[in-house]
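Here you get one chain, nothing else, as structure tokens; it is the form predicted alone.
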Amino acid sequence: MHNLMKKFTSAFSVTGDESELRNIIQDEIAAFADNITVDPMGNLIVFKKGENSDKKLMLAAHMDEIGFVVTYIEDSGIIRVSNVGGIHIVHSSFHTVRFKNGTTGVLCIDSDTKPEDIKMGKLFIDIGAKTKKEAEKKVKIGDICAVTPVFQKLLNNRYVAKALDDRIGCAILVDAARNSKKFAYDTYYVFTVQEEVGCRGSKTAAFTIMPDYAVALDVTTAGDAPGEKNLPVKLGGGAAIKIKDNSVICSKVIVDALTTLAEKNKIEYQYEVLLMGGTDTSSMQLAGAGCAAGCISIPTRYIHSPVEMVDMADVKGCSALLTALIEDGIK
């Protein structure tokens, strides 16, 4: 799992350009698949035939991360950008960034900006260029970038990295595919695109698959970080079974099944009620005539920052719970 996390978080995969990570994931999971396809949106769909082909289980984790797109290059060589996905400007500022071609720079805020005036228009990237002409040799309008990779182990087997949202979900899907010894239903591991801008990839994939059951793997805010309030999930508290968020009320069928599996297999778990935000669960739930949909959430601190944090015990618990679902199905 450690190696998957490091490899996945190091990949360039900003929303709309997920091909680098998709290729890495395909290499990691190919030996455990019966069939692999890439749909027109760019979703990676990995199929494994089950014991009961009358039922379909769709599992989803998104490959994309938030980032920035170049909108203008000043005569001085300073690069102005806009957001791709939900950017918290303060969280991302004064950090190094990397473009797909390898060009690096620093992401900063205009120095004369008052705290109350911080907004996207005050953000810029400095790649060290002296002129617009020099900058344009490295970067052009429409190019995208993301904060540079960070991956570090802290105390108590906790890890920080950029883009654990949702590379950790992708790693758990691959880990479960490797560990599952049987498959209750025809199972589709779907690594989705463009979740950060409206769960777009999962919409098309779900309409293609038309699952009976669907479970997303995504991060959720750990309520034990300083300043967080009224959120029940804690880092190190176990796999989080989503009850609802701002986009979905999870199927009781899935919530009850995950709870039963966790208790049966002695997997530590906690319930999640997220007041804001959403996941691919919402779009899978509404595909076609609809399906029973839920989410296994990974407790995470400092989401949408360069230093997102997870506890490896939670990560392993989420993988064990997902593996149990794949093998035993919905009872």
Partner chain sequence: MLDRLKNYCNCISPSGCEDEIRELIINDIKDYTTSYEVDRMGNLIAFKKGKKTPTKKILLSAHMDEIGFMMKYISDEGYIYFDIIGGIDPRVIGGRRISIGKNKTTGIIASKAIHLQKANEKGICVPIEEMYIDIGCTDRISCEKVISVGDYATFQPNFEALGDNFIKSKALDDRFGCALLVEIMQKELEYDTYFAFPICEEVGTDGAKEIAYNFRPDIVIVIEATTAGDIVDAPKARHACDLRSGAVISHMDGGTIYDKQLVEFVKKTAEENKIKYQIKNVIAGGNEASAYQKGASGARVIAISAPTRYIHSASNVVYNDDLFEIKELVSALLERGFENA
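The model shown is predicted, which means the values in this text are computed figures rather than measured ones. Positions refer to the first chain, counted from 1.
The protein also exists as the form predicted together with its partner chain; that form is not presented, and the subsequent description refers to it.
With the partner removed from view, the residue among Ile243, Leu235, Val106, Ile144 that has a non-hydrogen atom within 4.5 Å of its partner chain in the predicted bound form turns out to be Ile144.
Interface residue among Thr208, Asn157, Ser251, Thr148, judged by heavy atoms within 4.5 Å of its partner chain in the predicted bound form: Thr208. Checking 88 to 96, 160 to 168, 174 to 182, 195 to 203 against its partner chain in the predicted bound form, the stretch whose residues place heavy atoms within 4.5 Å of it is 195 to 203. Its partner chain in the predicted bound form is not approached by Lys119, whose heavy atoms all lie more than 4.5 angstroms from it.
Its partner chain in the predicted bound form comes within 4.5 Å of no heavy atom belonging to Asn101.
Interface membership of Thr15, defined by any non-hydrogen atom within 4.5 Å of its partner chain in the predicted bound form, is confirmed. Put simply, Lys137 is far from its partner chain in the predicted bound form: not one heavy atom of it is within 4.5 Å. Taking its partner chain as positioned in the predicted bound form, the residues of 58 to 83 that bring a heavy atom within 4.5 Å of it are, in sequence order, Val69, Val70, Thr71, Tyr72, Arg80, Ser82, Asn83.
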